[in-house]
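There is one chain below, alone, in structure tokens, taken in the form predicted on its own.
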């Protein structure tokens, strides 16, 4: 847990970026207002985490999951955020699935390439052995002719 209350605040850069994205262009915000929003956001995150943790504890789990957070939003009477959060969660899961599939495909392609290279190397070694055998046979034939 945090040792000092200010350790619980979200990073100012993140808060500033969120504020700028939420406000129309040309609207400024004072340093004091930005600080107040930052503290309010931190309190909200702590409260939502605490509520979500209660749902995890009821389920006899130590790990919070998405359903805990969604349930916490409903309990905190933020029902209007549940649908957008579910949509964002689904988009995140699709993105992660796509990344995982791409990673697996890349690994398969790499394995195929490695297998192909090993086969080529094996063929080259076999060809080298065949060439050596032919040379030996030719030398043996020459020796036999000389004798």
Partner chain sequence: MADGVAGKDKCGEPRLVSLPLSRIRVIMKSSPEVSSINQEALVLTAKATELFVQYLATYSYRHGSGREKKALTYSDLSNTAEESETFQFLADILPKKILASKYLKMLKEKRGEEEENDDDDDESDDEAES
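Numbering follows the first chain given and starts at 1. Nothing here was measured: the structure is a model prediction, and the numbers come from that model.
Note that the form predicted in complex with the partner chain isn't included here; everything after this is about it.
When contacts are judged by a 4.5 Å heavy atom cut-off, residue 27 counts as touching the partner chain in the predicted complex. In the predicted complex, the partner chain stays beyond 4.5 Å of every heavy atom belonging to residue 110. Put simply, residue 98 is far from the partner chain in the predicted complex: not one heavy atom of it is within 4.5 Å. Contact check for residue 103: no non-hydrogen atom falls within 4.5 Å of the partner chain in the predicted complex.
Heavy atoms closer than or equal to 4.5 Å to the partner chain in the predicted complex belong, across 36 to 59, to the residues 36, 37, 39, 40, 41, 42, 43, 44, 45, 46, 47, 49, 50, 53, ordered by sequence position.
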